[in-house]
Structures are given as C-alpha cells and as structure tokens.
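Coming up is one lone chain in structure tokens, specifically the form predicted on its own.
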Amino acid sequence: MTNELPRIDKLYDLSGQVAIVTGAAEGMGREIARYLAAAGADVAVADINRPGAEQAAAEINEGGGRGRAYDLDQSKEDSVVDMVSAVRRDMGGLHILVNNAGIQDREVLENTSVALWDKLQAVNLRGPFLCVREAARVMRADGTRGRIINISSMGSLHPIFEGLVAYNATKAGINALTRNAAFELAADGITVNAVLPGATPTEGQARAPGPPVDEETIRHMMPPLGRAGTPGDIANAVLFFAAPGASHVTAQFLVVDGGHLNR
C-alpha cells in the first residue's frame, strides 16, 4: 500500500467504451449522451426523431466527443433488435445502455382509455425491456461486464399529481425490471440500476398531451432544495452508475428529486 491518492479521474473514465442512450435527441437523454461522451465514451444517440438524433450526435462530435445517430422506435421489437445489432457492428461492441426514451401522455384515472394505457406500456415498459434483453445478449456474448441504467421516475414510488396513473404504472414496472435483470445478470458482472428523476422540466414533458397542470400543483411540486431538477442533475446520476467507480453497485434506485419524497 502506498500513500498515493486515488485517481478520481480514472473512476469516471469511460474511454474505449460504447454507450447507447435511447431518447437522446433532446431533454434528459441528450444531456446524458453529452456527459457520457465527455467521460470518453463513444455514444450511440438512438431516437425515433432522426433529425434530432443527428443534431445531438453532431454537437457531441463538434465538442470533441464521438457520437453517432441511430433510428429507434422502441415500441417495435424489430427496431430495437436492429438498432442494438447496428451499434455493435458499427462501433465495435456495447458496454453501457441507458434506457431513457419514454412518453408522459396524461389522463385522470376514470378517463384513461385502454389505448392510452397500452401506448404507454408499449413505449415505456416493453421498449426498455427489449433494450435490456438485446443489450444483455450482446454483453454476455462479448464477455462485457456492462452497465445498464434505466430511467424510472419519482412517481413510481409516490404519486405527485393527477393524470399519471398509466405513466407511473410503467415506471413502477421499470423498477421491477431493474431488480430482476440485476439478479439474472449479476453472474456475468453486468450491473443494472435505475435513476428516478423528480420534477425535471423537458421539451417532451411540455408537449405531452393531457390535462394541464395548474399553478398550485406546480408550486406544490417544488422540492425542499428550492428548485426543479435539470437534465444535468439526471446525467450526473447516470454517469455515477456507468462509471468504473460504481462496479460494485447493482439493483439500486437513485432518486434525484431535490428532497421531494422527504417532505
């Protein structure tokens, strides 16, 4: 043993690793992709919005990182399979998967249709399951002790406002997916964790159809730390789980909500 201090930069060095970030054309996904690229990863920017994905990848490249855009409609199995296969072929492997893509269509319980329920299940739960399955197949085949990080929600643990019955149900499913996948993949050294954002305004959230959120509800949603979350707050949490320093952490949930659940 020496007196040399730990190399903190090495604990967060992703050089030589390939990461897929779904839903990375904008919002939290875009910032997550930027953070992983800044740590040295080659990033596959996967999104149903191809022009947005191309722009996000271009910004990573212009900033000195390495990014590449891929088409992804994660509600369709073939699209997920093709995307993961293409990333492995084009970028030489797969070390990190960030399941960020999702939608937040809202409706109060008694007005929630089967069509709305099924749409959210397809995008927010079946899609991430497919991504985890395909990533696990690649990581196991290549002997990669990879990292899978799922983006869930604070709402999966406690309801915040009306209209999110279907959405929060999918995110509770993400929590179960995370723990069960972590259990099955641990023997291969693959970790699976989840980040649970609190109120974090994004472009997609602002566009989501459903009943408007009134000003009193918005005030109630302000966490004890006094501000809403930012995409960078979520990207920091993802980077922790993806980094070498978190190699002994799996099946965990990290709530990033400014202390909201501690009220």
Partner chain sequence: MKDDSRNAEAFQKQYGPWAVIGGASDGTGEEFARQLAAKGLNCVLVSRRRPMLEKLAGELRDESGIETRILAMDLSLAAAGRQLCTAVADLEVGLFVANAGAGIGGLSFVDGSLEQWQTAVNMNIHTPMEACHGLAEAMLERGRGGLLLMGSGVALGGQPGVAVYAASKAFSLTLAESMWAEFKPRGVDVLNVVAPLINTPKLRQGFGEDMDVSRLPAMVEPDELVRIALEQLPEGPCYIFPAGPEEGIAGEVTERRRARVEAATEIARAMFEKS
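Positions refer to the first chain, counted from 1. For clarity, every value in this text was computed on a predicted model and none was experimentally measured.
Only in words, not in the display: the form predicted together with its partner chain, which the text now covers.
Asker: Which of 121, 175, 85, 111 has a heavy atom within 4.5 Å of its partner chain in the predicted bound form?
Answerer: Exactly one listed residue reaches within 4.5 Å, namely 85.
Asker: Have a look at 81, 157, 186, 169 for me and say which one sits with a heavy atom within 4.5 Å of its partner chain in the predicted bound form.
Answerer: Exactly one residue meets the criterion: 81.
Asker: Examine residue 162 and determine whether its closest non-hydrogen atom to its partner chain in the predicted bound form is within 4.5 angstroms.
Answerer: It does not: once its partner chain is placed as it appears in the predicted bound form, residue 162 has no heavy atom within 4.5 Å of it.
Asker: Give a yes or no for residue 134: in the predicted bound form, does one of its heavy atoms lie within 4.5 Å of a heavy atom belonging to its partner chain?
Answerer: Residue 134: contacts its partner chain in the predicted bound form.
Asker: Using 4.5 Å between non-hydrogen atoms, is residue 77 touching its partner chain in the predicted bound form?
Answerer: Residue-level check for residue 77: yes, a contact with its partner chain.
Asker: At the 4.5 Å heavy atom threshold, is residue 182 in contact with its partner chain in the predicted bound form?
Answerer: Output for residue 182 is no: heavy atoms all beyond 4.5 Å of its partner chain.
Asker: Quick check for you: of 85-93, 112-120, 149-157, 187-195, which stretch puts a non-hydrogen atom within 4.5 Å of its partner chain in the predicted bound form?
Answerer: Stretch with heavy atoms near the partner: 85-93.
Asker: Along 142-156, which positions have a non-hydrogen atom within 4.5 Å of its partner chain in the predicted bound form?
Answerer: Contacts from 142-156: just 142.
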